[in-house]
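Take a look at this single chain in structure tokens; it is the form predicted on its own.
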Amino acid sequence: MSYSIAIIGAGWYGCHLASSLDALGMETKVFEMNARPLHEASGNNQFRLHLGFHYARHYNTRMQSRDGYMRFMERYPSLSGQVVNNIYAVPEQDSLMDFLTYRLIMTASGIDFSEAIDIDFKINNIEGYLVTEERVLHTESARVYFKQRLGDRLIFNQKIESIEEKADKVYVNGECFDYVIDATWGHFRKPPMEVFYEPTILLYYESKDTREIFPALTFVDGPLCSIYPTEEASLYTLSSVPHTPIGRFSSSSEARAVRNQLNQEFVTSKVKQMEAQIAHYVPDFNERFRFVAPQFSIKTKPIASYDDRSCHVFKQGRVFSVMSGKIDTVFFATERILSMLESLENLQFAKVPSMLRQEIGSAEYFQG
């Protein structure tokens, strides 16, 4: 099985898929509209390599993250770093579930954690917390790795204007391929599931005491907030479930238009809202951190009342599309696409007549 495959989008999924398919003998080419890989959502997030603790309300997301984490560590051991004291804390009144329920869910999920840590900072309004071994992604290292790994198969500053299917081929900007993988999270072509596009703002802070290593601190579960380290020492992100989103839009173009017109007044209001929220739990936050800058991105999310951020792969004609909320589910996406390709190749054998009756009739029942 060998195909030529065009991949749209050089984020984590596009680069990983190209690398994996190339290793299996496929001809891949990755088209990216920006000048570098991991430029959009893959490089604009909290850089968290998940184990599943973030998703107590959705089983598939939790299990995909748990399993994908282990595989990510095997495949990309140098593209993430250890987080010192990674804490998931359940507030007394603000969480959608109590601490004992949260702990039971994680225990049943087979995810390792402990409850033994000496917290050397003020933390208020907490019922309980777990400590686990999640990691922080090294985005710049990943950019260098994929540029070296994929070489001239990465085509930068290339916007896709057209995809046209003819017979058993598909043409991308006039270039012929066997299949196409849309890894843009619906920014090129909307996926066959109900989604919305969410512009977001992520705030960066630096520690006032560069000698201090503050833990990763995530409050669960529900409309809460988190502090998470980055690949750069003393630089952290502050994210908030109610305040990080900037709106919900039915199209990518609407979301981009809103993101591109944000001003300093808007940023200042978000800083006040998010600092007020985190101060409810970490009262000396502003004594420990100073604001540096915002970062804007766009997330594509399924329309649902439950917390589904698991990986989905769809096929329409000769075009595959990938949807996921987590980087560690890249392996699930690869396997689904390979499985679909193999099933297409096996269709030619579906109508082969059975030889069972002839084989039974020729069997020798008696010997000697």
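In this text, residue numbers run from 1 along the sequence as written. Keep in mind that this is a model prediction, so the values were computed, not measured.
The next section is about a form of this same protein that is not shown, the form predicted in complex with a small molecule.
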query: 4.5 angstroms heavy atom contact with the small molecule in the predicted complex for residue 187; finding: yes
query: Contact test in the predicted complex: residue 5 vs the small molecule, heavy atoms, 4.5 Å; finding: no
query: The small molecule contact at residue 40 in the predicted complex, heavy atom, 4.5 Å; finding: yes
query: Contact test in the predicted complex: residue 202 vs the small molecule, heavy atoms, 4.5 Å; finding: yes
query: Contact segment among 111-119, 292-300, 93-101, 140-148, judged by heavy atoms lying within 4.5 Å of the small molecule in the predicted complex; finding: 292-300
query: Listed residue that, although the small molecule is not shown, lies within 4.5 Å of it in the predicted complex (heavy atoms), from 340, 33, 319, 26; finding: 33
query: In the predicted complex, the residue from 169, 208, 272, 159 that sits within 4.5 Å of the small molecule by heavy atoms; finding: 159
